[in-house]
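There is one chain below, alone, in structure tokens, taken in the form predicted alone.
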Amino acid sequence: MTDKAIIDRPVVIIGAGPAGLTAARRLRDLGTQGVLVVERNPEAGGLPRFCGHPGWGLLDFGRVWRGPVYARKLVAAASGVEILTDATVTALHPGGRIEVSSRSGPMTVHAHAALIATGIREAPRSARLVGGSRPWGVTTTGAFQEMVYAGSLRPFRRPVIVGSELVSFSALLTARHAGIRPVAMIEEGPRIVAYRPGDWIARWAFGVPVMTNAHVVEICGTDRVEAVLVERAGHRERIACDGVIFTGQFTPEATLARLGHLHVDPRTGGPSIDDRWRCSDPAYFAAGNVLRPVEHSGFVAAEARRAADSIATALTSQDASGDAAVAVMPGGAARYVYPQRIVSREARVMLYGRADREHRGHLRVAVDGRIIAERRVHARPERRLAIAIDAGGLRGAAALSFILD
């Protein structure tokens, strides 16, 4: 029986994707020694490792690369930081005590600060309540891309793509790379979720028809997928295909927070944080897509840099201002807002959120009925809303409202 190792580290970062590796690099550059990154996969780099199309790295490196190149650049840029792969964090305990299971055996890591950067996951078929049989050929984008780019497999030839987010177009590019010709892109809403002219690109550049206001109600087939049954405008249509790729509908990978002692915001699905990226236990911080679904890698990297700055400050200060936090609440058509608490009193603070439906109107921030920030917006459910406030005006306040009306 292997004895459990016990080690101490100033910072532990959970997840070696764009957020985790960017934070590690930033902490190293700030002079923090002994940072440990824990990654459950055999290789660091995160989801971009299996996205073989261009579009990665512009905002954080000033270059545009394919996903695997971007992943390698992230790892190389964090050189000098210890990255423990094939290791799974199994529990988070109060005060920064972290349980890890690795190839060398179980260990307990005592961290002065820990950053949760575990990212997101797509909703599988089961979460979408799609009926029918259980044949081979049903997958998510991430699994599909791993089969194509890592396994050199072609799991099907004529699938349907369910969803129209940016990741859905990533699935289109992966299909083209593998010589796969999707027969349709199916979107439940009245328009595609990604920016237009994405629907025109799908139709004319890829030859894939886009069906909006459509819902997959059943998957047909015995050993393999043979067709899907789609409901549209009260009618049902059978579309012949040999695969189904479920894309998008992301959920933060916040299982560790949810099973532990950290507060999880039911609206975002991720850990609730203050404007210094701290969770309900000040030993833990969170950044990146674990906070909410879903942002691109450049935005995630920028969040991780700011979180690393806060961690570096926390390691050298005795700040306990979280006791005087101002609660931030969504209102009107706002689906969620983060950070969920504000502790700063002399800084400009950015609030981010999303709408629960398409909405034209105003985004307002109110304290005790007084508007302290306002802007006009045309909001859609998958588009980021952002507004800056002066935290100096929050002295004496207990709460503020992020209102979309």
Partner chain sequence: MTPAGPRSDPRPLDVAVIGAGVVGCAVFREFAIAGARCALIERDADLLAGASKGNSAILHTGFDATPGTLEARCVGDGYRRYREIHAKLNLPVLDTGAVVVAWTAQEEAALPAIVARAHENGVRDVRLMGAAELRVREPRLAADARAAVLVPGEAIIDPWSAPLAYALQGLAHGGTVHRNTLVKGGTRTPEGWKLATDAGVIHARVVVNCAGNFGDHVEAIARPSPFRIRPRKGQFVVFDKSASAIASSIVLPVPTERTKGVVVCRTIFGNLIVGPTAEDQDDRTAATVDQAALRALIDTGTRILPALADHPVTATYAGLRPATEHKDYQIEALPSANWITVAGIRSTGLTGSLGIAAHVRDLHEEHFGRFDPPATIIWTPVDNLAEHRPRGHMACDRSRIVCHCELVTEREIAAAFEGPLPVASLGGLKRRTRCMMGRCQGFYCTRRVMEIASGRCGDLVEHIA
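Note that the structure is predicted; figures quoted are calculated from it, not measured. Residue numbers count along the first chain shown, from 1.
Quick note: we don't show the form predicted in complex with the partner chain, though the next part is all about it.
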- Item | Among 63 to 71, 335 to 343, 42 to 50, 356 to 364, the region lying within 4.5 Å of the partner chain in the predicted complex by heavy atom distance | 42 to 50
- Using heavy atoms and a 4.5 Å limit, would one call residue 233 a contact residue for the partner chain in the predicted complex? no
- Query: Heavy atom to heavy atom, is residue 281 within 4.5 Å of the partner chain in the predicted complex?
  - Reply: no
- Query: So, in the predicted complex, is residue 207 in contact with the partner chain at a 4.5 angstroms heavy atom limit?
  - Reply: no
- Should residue 317 be counted as a contact of the partner chain in the predicted complex, where contact means heavy atoms within 4.5 Å? no
- Query: Of the options 325, 262, 183, 148, which one has a non-hydrogen atom that comes within 4.5 Å of the partner chain in the predicted complex?
  - Reply: 148
- Between the options 226, 82, 309, 86, which residue brings a heavy atom to within 4.5 Å of the partner chain in the predicted complex? 86
- Can we say 313, 381 and 403 each have a non-hydrogen atom within 4.5 Å of the partner chain in the predicted complex? no
- Item | Partner contacts for 129 to 161, taking the partner chain in the predicted complex and a 4.5 Å heavy atom cut-off | 129, 130, 131, 132, 133, 134, 136, 140, 142, 143, 146, 147, 148, 150, 151, 152, 153, 154, 155, 157
